[in-house]
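In the form predicted on its own, a lone chain appears below as structure tokens.
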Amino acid sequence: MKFLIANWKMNLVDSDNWLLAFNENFDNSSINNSLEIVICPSFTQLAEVAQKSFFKNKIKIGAQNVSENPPGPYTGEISTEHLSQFGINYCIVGHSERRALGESNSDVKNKVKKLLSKKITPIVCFGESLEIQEKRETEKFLLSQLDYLLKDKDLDINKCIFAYEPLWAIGKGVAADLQTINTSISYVKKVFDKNNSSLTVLYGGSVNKDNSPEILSADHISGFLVGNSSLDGKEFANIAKNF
């Protein structure tokens, strides 16, 4: 299974125009069981996007974040119960932009557990900073992000999707080079294999229609988590055509 996931972040996207541009540039009849396309709009657009028939039938809907708490006195938060009401299939957790606001590895694990309890697939982001890479501590850092999940025997990690996003490539317009991607993902795969776990991993970080074919050729890559390029329906369609 291949995945193409759009993270619209905190952007207001005209979903009608986006859908028109996407359909004009991609033969949606070719969307089949081999490619899962997921759109993760902002919370204010979740209901709107989820109600469109095309998204219901051809594209899955995901959220960008969720609370680790149950419904209750948590002002401004969204629970897994809320997401279930909208028929949400996926949810991003542990994005670097959330971690920068203080989200810990423990928080990520708790969110993953809540999502799995509602049969929502977590998209778990992980990745190192430029400083970590320059210190040649990438493997140690990636392991520290994933260990919280791998060591929890009550968590079925095989039901998660992982997204490798080196922080220094996010939103910069230049994706990580193929050697870096291969080295990092190959290491993570060895860690998962050692724990008798399967690994579905995506790449995220300045993905576009031009560099996506080369990145897809990397070992063990099952698709993309796309930020800026997902805001344009035409550009996103052109990435989809490269699968």
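Computed from a prediction, not measured in an experiment: that's the story for all the values here. So that there is no doubt, residue numbering starts at 1 and follows the sequence shown.
This protein has a second form, the form predicted in complex with phosphoenolpyruvate (PEP), left out of what is shown; the following refers to that one.
Taking a 4.5 Å heavy atom cutoff to phosphoenolpyruvate (PEP) in the predicted bound form, the contact residue among Val38, Ala63, Ala176, Val207 is Val207. Note on contacts: among Leu142, Ile170, Leu116, Leu149, the single residue with a heavy atom within 4.5 Å of phosphoenolpyruvate (PEP) in the predicted bound form is Ile170. Taking the partner from elsewhere, Asn228 is found to have a heavy atom lying within 4.5 Å of phosphoenolpyruvate (PEP) in the predicted bound form. Put simply, Glu128 is far from phosphoenolpyruvate (PEP) in the predicted bound form: not one heavy atom of it is within 4.5 Å.
Although the partner is absent here, Glu97 is a contact residue: one of its heavy atoms lies within 4.5 angstroms of phosphoenolpyruvate (PEP) in the predicted bound form. With the partner omitted here, the stretch from 103-111, 79-87, 162-170, 149-157 that lies within 4.5 Å of phosphoenolpyruvate (PEP) by heavy atoms in the predicted bound form is 162-170.
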